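In structure tokens, the next block holds one chain alone, the form predicted alone.
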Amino acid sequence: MIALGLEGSANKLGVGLIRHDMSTTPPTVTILSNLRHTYHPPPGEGFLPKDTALHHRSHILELIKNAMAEAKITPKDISVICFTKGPGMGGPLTSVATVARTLALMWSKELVGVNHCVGHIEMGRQITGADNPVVLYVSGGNTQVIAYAEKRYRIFGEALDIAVGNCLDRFARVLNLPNDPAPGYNIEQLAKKGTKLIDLPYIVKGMDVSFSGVLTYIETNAPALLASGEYTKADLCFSLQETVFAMLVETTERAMAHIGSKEVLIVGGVGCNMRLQEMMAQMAEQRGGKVFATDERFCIDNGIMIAQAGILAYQTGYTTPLEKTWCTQRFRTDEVFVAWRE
């Protein structure tokens, strides 16, 4: 059984092909192709939905052709076409969904609409082998602390305003850092050179976090701090990372204690950050636990995670009828019925 996965909820366009060999128990999983093409706006700017959608429309057919060539398959080998139903940016989502519908009609294939976050979780579980972890989902659009219970991925805590990735990306614009390969990555590299920790607002409310206040504070004060000559851009990046990551570690630890888990799985684009992984590992080790994370091939938005979550749902008999293949910018993780897990 082979699934084609199409992801385009933000500025990453991903196409993935995955095979599940159903003759073994559990099925043997093989990644056949996992290609990605990223839209990079100019330094100091974010990516607009209309420009991102145009990028996806311009590159998706070539990416699908290249993925199928790499996998050495033809349309008749594909069992199901999976696409990101949400959450995400409306224009990019619908651009990719239109291609998924068209291919399904041309090739007479069934469709599975996938929740973006569930895609991250299932790919993370597959790659790392994590059994039943507390999941920290951190990206440009989402920040959630999640645990599985009774056929749902339950949200224990989340960002009350902007996501942690959005916080980092927007501060990168203040510093006029490049968007290539990613603003958050460039902040991470600068932060490694920082030596002075600035006292920034730390906002944890129960299990939830807030990043808009710390971003406003550092945006407002950055010009004066840099002009004083006492602090560098590296110091500002270092201070911002340490503060927001400490907030995430605190809420994740509380979720671990609540459900009695000793595993943490970090997914989403910000999950590539080595400092976040290091801080989380220190906390987990103190609790006798372990952190699971993946590299940029699977942390950053990709098509293979949509294929993985979609094929798991498809194996339970789930499909998305053509008339229900609309996309939604708001699609909570806990809305998905996880029929494939015990």
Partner chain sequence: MAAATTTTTTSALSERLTLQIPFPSARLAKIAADVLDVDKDLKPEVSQRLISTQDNILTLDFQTTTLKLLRTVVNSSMEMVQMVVNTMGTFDTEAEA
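Residue numbers count along the first chain shown, from 1. Worth saying up front: this structure is predicted, and the values here are computed from it rather than measured.
Keep in mind that the form predicted together with the partner chain is missing from the display, and what follows is about it.
Partner contacts here mean any heavy atom within 4.5 Å of the partner chain in the predicted bound form, and among 298 to 306, 53 to 61, 23 to 31, 270 to 278 they occur only in 53 to 61. Proximity to the partner chain in the predicted bound form, defined as a heavy atom within 4.5 Å, singles out one entry of His258, Lys262, Arg173, Arg101, which is Arg101. Interface residue among Gln126, Thr243, Ser210, Ser95, judged by heavy atoms within 4.5 Å of the partner chain in the predicted bound form: Ser95. Contact annotation: Tyr217 falls outside 4.5 Å of the partner chain in the predicted bound form, judged by heavy atom distances.
The closest heavy atom approach of Thr333 to the partner chain in the predicted bound form falls outside 4.5 Å. Although the partner is absent here, Leu105 sits close enough that one of its heavy atoms falls within 4.5 Å of the partner chain in the predicted bound form.
In the predicted bound form, none of the heavy atoms of Tyr318 sits within 4.5 Å of a heavy atom of the partner chain. In the predicted bound form, the partner chain lies within 4.5 angstroms of at least one heavy atom of each of the following residues of 307 to 342: Leu322, Glu323, Thr325, Trp326, in sequence order.
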